[in-house]
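Only one chain comes next, encoded as structure tokens, the form predicted alone.
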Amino acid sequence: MSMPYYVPPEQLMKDRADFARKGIARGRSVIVLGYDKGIAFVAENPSRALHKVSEIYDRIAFAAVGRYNEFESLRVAGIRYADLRGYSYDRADVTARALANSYAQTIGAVFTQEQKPFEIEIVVAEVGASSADDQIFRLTYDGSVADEQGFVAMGGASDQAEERLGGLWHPGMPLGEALRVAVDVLGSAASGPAANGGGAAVAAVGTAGVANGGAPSAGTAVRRDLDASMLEVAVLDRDRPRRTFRRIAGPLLERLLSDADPTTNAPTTDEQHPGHPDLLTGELQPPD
């Protein structure tokens, strides 16, 4: 009679963690950092259809790296959770802390009970009345939650990105300076295909792996110049009433990233983009 194959729980958890970390490491980094008027999200993602950064509720946004189909299901669940809580109680009762706790339970249950863990990391951020009230929660593949202060980097080479961010970021930066710091860190991150200049073309394919940006191999840190067309940028602007989330793209993003342009912050007025009320590009006039 053959004996059943036994795997110690410690080895089982270690194998799952290694599997999840390898999947996440294939993705390009997402950086979330505070600036003087809110919280900025910067991702290397040239796709205009599959987003790594999204709005959840009035003052809450979501960013993720890893497998797109897995974090997209969590994003949709988060919106439903926020809408139901806001409708049942009050919009002010919807908080990033409660949403992060809900995500932690879901991700932790999948890590311990399912055959395959999520290959994702996510950030839930809430902009407050002042920078001291801003909240940034990072959730890892095993359901662990960390309360981050000021900035956080996720995805491939996130340790090096956070180390570099720690040396460049400081509180009270204007948006333009904060975005240039984030792009500098993203461009300095080690990545196989990206370092060879092929990152944008790989990430444009419409599959679940798009948000991963391809499958980088181990590589050395090579400096890359990332322009506005290769970036997904959004902000939570604390000066806006109610819905604070806005995407920034086009000429406005180019001006914010330019050292020579005096543009330092995004306008607080909306633009008239049909079907995209949250988009700021600097190409259209605001409504009268």
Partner chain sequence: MPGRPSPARRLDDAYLSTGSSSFAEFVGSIRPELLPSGRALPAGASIDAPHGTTIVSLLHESGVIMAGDRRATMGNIIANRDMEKVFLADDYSVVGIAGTAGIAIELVRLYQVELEHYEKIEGAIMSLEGKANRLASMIRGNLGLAMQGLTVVPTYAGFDLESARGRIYSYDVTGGCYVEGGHHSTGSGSLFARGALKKLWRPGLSEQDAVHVAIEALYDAADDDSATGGPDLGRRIWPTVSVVDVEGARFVGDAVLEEHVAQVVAARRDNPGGAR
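Small disclaimer: the values here were computed from a predicted structure and weren't measured. Residue numbers count along the first chain shown, from 1.
Unshown form predicted together with the partner chain; subsequent notes refer to it.
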{"query": "Heavy atom of each of 169, 177 and 226 within 4.5 Å of the partner chain in the predicted bound form", "finding": "no"}
{"query": "Candidate from 173, 165, 74, 157 lying within 4.5 Å of the partner chain in the predicted bound form - any heavy atom", "finding": "74"}
{"query": "Contacting member of 35, 41, 57, 62, with respect to the partner chain in the predicted bound form [4.5 Å, heavy atom]", "finding": "57"}
{"query": "Contact label in the predicted bound form: residue 140 to the partner chain, heavy atom within 4.5 Å", "finding": "no"}
{"query": "Touches the partner chain in the predicted bound form: residue 152 (any heavy atom, 4.5 Å)", "finding": "no"}
{"query": "Contact label in the predicted bound form: residue 275 to the partner chain, heavy atom within 4.5 Å", "finding": "yes"}
{"query": "is_contact(residue 116, the partner chain) in the predicted bound form, heavy atom dist at most 4.5 Å", "finding": "no"}
{"query": "Interface segment, criterion being heavy atoms within 4.5 Å of the partner chain in the predicted bound form, picked from 157-165, 125-133, 107-115, 178-186", "finding": "107-115"}
{"query": "Neighbours of the partner chain in the predicted bound form among 76-113 [non-hydrogen atom within 4.5 angstroms]", "finding": "76, 77, 79, 80, 81, 83, 84, 85, 86, 87, 88, 89, 91, 98, 101, 102, 103, 105, 106, 109, 110, 113"}
